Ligand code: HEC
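Single chain ahead, written as structure tokens, the form predicted on its own.
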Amino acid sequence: MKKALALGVVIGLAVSGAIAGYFYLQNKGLNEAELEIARTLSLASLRPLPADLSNAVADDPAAIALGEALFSEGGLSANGEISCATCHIEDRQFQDDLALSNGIGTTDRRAMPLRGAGYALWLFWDGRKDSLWSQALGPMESSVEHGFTRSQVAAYIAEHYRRPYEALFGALPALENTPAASPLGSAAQQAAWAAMSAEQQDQINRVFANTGKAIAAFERTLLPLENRFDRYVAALLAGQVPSGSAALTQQEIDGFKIFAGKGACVNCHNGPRFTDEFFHNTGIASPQTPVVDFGRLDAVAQVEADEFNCLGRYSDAAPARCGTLRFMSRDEHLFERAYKSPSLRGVADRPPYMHAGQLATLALVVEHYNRAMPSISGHTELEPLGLTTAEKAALLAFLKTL
């Protein structure tokens, strides 16, 4: 009798909780379709991190430890001071708050936040890299980022990280007295690279690639963090009235409705990472004069030609497993001045915005999408939204919950 009574109390509480949650949902104005969209955006919907078949050590604890050390290693740069952590700062969502990042020199785009990058299909704003490990290699050879060469990277690993490297990847080649050489460097560095035998080039390339694979193993551990919106959705789905750190104001809820409806934000910023992993021309101007940055349009050829892509000899994936690269879109009309949709998690805390920090505030970003100015080249996907002042304020309020 007591057990039956206790069960009845539990069932009664569950039913009353569900009724309370339903009453809350209806009175706040969310319908079932909006709740379903909210569910797909919540962190609870994030699938497990997919395997990177092109990186055999992607989830190896020893590779993660080595990669964490290399991520902050200033010695992998021309002045001994620039590391991945220079532009990807841990307590700033692994980005640097700058419109254009500063390494050895100044870059022409801003640093993207790294949390959740292990889920990305394409890396950089234009997607010119198809894996996290190949992305890690680009800045090291960039004259305005690390300013190093691949031969210098290999020699530095041999001198300072030999033991952990060889435990993971096997014996290092002889790299003593190796000149600064790279097919992407200065004229002298390119000449030094051309003077090497094919075997020497391959040995250096493999150490270089493995360095990127270790760094990527660490970066894969940088997962998205729960926010207030996630807690709000979890409460609703549990049939509860959101309260405390799970509560949203009416303005924030109205902002979500605009995000998922009239604002059409969810068209490109969807899924639990708030990104469709694709490229879009939104009519934003480049800071360069004359225009030299065509975004994804140029990157398609770059990723196909990259010797460190999934189909290259330094990839650990069988060619048949490189479908993302093999079947990628090559639509020139679509990709002129198109850039990747960034994740919106934590977006309110990382101004400035767009691929080169062209917009100083989130309010300006909302206004840019609301007005939908024509693109200076290519075809913008935007159409004017017609948001009122109150609607724009509500949308901003919602974005701050992320």
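Each residue number is its position in the shown sequence, starting from 1. Everything quoted here is computed from the prediction, not taken from an experiment.
The discussion below concerns the form predicted in complex with the ligand, not included here.
- The partner is absent here; in the predicted bound form, the one residue of Leu114, Ile253, Leu297, Cys310 having a heavy atom within 4.5 Å of the ligand is Leu114.
- With the partner removed from view, the residue among Asn205, Asn102, Asn227, Gln240 that has a non-hydrogen atom within 4.5 Å of the ligand in the predicted bound form turns out to be Asn102.
- For the three residues Asp52, Ala63 and Leu168, a heavy atom within 4.5 Å of the ligand turns up in the predicted bound form in no case.
- Proximity to the ligand in the predicted bound form, taken as heavy atoms within 4.5 Å, picks out 358 to 366 from the listed stretches 358 to 366, 55 to 63, 35 to 43, 371 to 379.
- In the predicted bound form, the ligand sits beyond 4.5 Å of every heavy atom of Leu175.
- Heavy atoms of Gly185 never reach within 4.5 Å of the ligand in the predicted bound form, leaving it off the interface.
- Using a 4.5 Å cutoff between non-hydrogen atoms, Asp130 does not count as a contact of the ligand in the predicted bound form.
- The ligand in the predicted bound form is approached by Leu123, whose closest heavy atom lies within 4.5 angstroms of it.
- Counting a residue when any of its non-hydrogen atoms is within 4.5 Å of the ligand in the predicted bound form, the hits in 213 to 247 run Ile215, Glu219.
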